[in-house]
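A single chain, nothing else alongside it, follows as C-alpha cells in the form predicted alone.
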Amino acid sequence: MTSTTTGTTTGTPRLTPDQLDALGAELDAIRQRVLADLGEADADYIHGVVRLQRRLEVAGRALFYLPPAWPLAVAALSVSKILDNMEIGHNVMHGQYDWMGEPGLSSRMYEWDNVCPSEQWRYSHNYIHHTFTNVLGKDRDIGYGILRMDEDQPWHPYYLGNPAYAFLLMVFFEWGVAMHDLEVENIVAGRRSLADNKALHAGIMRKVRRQAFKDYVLFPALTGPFFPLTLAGNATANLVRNVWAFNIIFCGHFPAGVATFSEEECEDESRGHWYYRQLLGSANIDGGPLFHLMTGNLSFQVEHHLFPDLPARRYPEISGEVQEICERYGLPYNTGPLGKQLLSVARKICRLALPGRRSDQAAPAAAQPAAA
C-alpha cells in the first residue's frame, strides 16, 4: 500500500508498505516502553495537578467575597477551569490513568466542568476523531460542521462567513463541543433527522442545567450582595477557558502544513499508515513546562495523536524520538511558537472563506453544504 495526502502537503514523500510497517513497529516500541514504565511518578503528577486545580477553584470562589480581588478571583477560576478541561478531564477521559484503578481518575466515570456530557465527548472525540483523524467525510472535527478548514471541502457561499463563525465558535467553544454530536449541519442539509438525536437530548440538557445552575445561580447566590460580580466573574472565567482551549486545539490541528486524507486512501489501513496519518495530520506548539501544563500537553499534539492513551506528561520526553523518526523517514514534524501557529490558522480560516481552486473544480452542487 502506498500513501498519498491531500490538502497542503501533497509533496510529502510516500512510504512503501515495508516502510509503513517499519514505522509502525518503531512507534509501537515507544508506546510499549512507556506503558511498561508507568508508575508512582505518573500517579504523583496527576494527583498534584488535581490538588492544584481544586485549590485554585476554592481560592477563586473565596475571592469573589472580596470585590477588590475580583481580577484575582477570575484569574484563579480561569486557570482552574483550564486545568480541569485540558490536563485533567481531556487526558483522564482518554484512559491515560485507568491503569491506576482510581474511580476519580477513571475514563468511564470522570465528568468535567463543561456543558458537554463526558459520555458523548468520549464517543465523538476518542472514537470518531482519533480513529479517523483528518479523514475528510469521517472526522467531523475538520471544521466542526461549521467551518471550512481544508481546500478539499467543497466551497459554498455560506463559507464567506468563515472568520465570523470561527470567532463565535471560539467564544462559545464549550457549547460548540456540546452540540457537536447533534450534527446540526446534517439536519439542515436533510441527511439527519431530529429523531436521530433524541437519545442525546436528555444527556445534553441534564449537563447544561447542571453547569448553568452551578456557575450562574448557585455560586453567585452564595456571595449574596456580590451576586452580579460573581456571575460576571464566572462568565468571564468560562470565556477565558473557551478562548484558550479553542486556540490550542486549532493550533494543533489546522496550521499550514497539516495534511488531510480521503476515505479511499485509508481503506484497509495498516497500523503503520494510521501512524503516518497522525504524524502528517498534527502540529505542535513550542513552549516551556508551564505552557505545556496549561495546554494539557496538547502542545504536543503530534505525540498525542500517536499515543492518545499514554499520560500526556510523557509526551515531552518522547518528542525528540518522534522527531528523529520523522527525519529518518523524510516526514515533516510540524512545530512552531504559539504566535506563528495562531497566525497560520487565522490565515487559513480567512483564505478558505473564499473559493479554492481544487474545490471549485471538484464540488458538485449536490455536495454543497447548507448554511447551518
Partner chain sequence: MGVLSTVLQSRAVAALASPHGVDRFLEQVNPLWAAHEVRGRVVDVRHETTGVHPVSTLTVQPTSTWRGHRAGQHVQVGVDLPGARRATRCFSVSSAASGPGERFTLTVRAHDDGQERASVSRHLATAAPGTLLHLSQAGGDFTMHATPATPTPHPLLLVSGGSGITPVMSMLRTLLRDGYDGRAGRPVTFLHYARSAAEQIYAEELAAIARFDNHVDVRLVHTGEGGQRFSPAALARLVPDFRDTDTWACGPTGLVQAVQAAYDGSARLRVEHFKAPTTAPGAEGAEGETSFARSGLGAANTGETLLAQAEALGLRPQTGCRMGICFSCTTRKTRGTVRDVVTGEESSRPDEDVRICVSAPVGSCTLDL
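This is a predicted model, so every value here is computed, not measured. Residue numbers count along the first chain shown, from 1.
As for the form predicted together with its partner chain, it is not shown, yet the points below apply to it.
> Please identify the residue among Tyr158, Trp175, Trp99, Tyr123 with any heavy atom within 4.5 Å of its partner chain in the predicted bound form.
Contact residue from the list: Trp99.
> Between Leu66, Val50, Cys326, Ala346, only one gets a heavy atom within 4.5 angstroms of its partner chain in the predicted bound form; which residue is that?
By the 4.5 Å criterion, the partner-contacting residue is Val50.
> If contact means any heavy atom within 4.5 Å, which of 281 to 289, 208 to 216, 143 to 151, 247 to 255 contacts its partner chain in the predicted bound form?
Heavy-atom contact with the partner occurs in 208 to 216.
> Do Asp113 and its partner chain share at least one heavy atom pair within 4.5 Å in the predicted bound form?
Looking in the predicted bound form, residue contacts with its partner chain include Asp113, since a heavy atom lies within 4.5 Å.
> According to a 4.5 angstroms non-hydrogen atom cut-off, is Ala62 in contact with its partner chain in the predicted bound form?
Result no; Ala62 lies far from its partner chain in the predicted bound form.
> Please determine whether Glu265 contacts its partner chain in the predicted bound form, using a 4.5 Å cut-off between heavy atoms.
Judged by the heavy-atom cut-off of 4.5 Å, Glu265 is well away from its partner chain in the predicted bound form.
> Do Asp84 and its partner chain come within 4.5 Å of each other in the predicted bound form, heavy atoms counted?
Although its partner chain is absent here, Asp84 would touch it in the predicted bound form, with heavy atoms inside 4.5 Å.
> Going through 52 to 77 from first to last, which residues have a non-hydrogen atom within 4.5 Å of its partner chain in the predicted bound form?
Heavy-atom contacts to its partner chain in the predicted bound form: Gln53, Arg54, Glu57, Val58.
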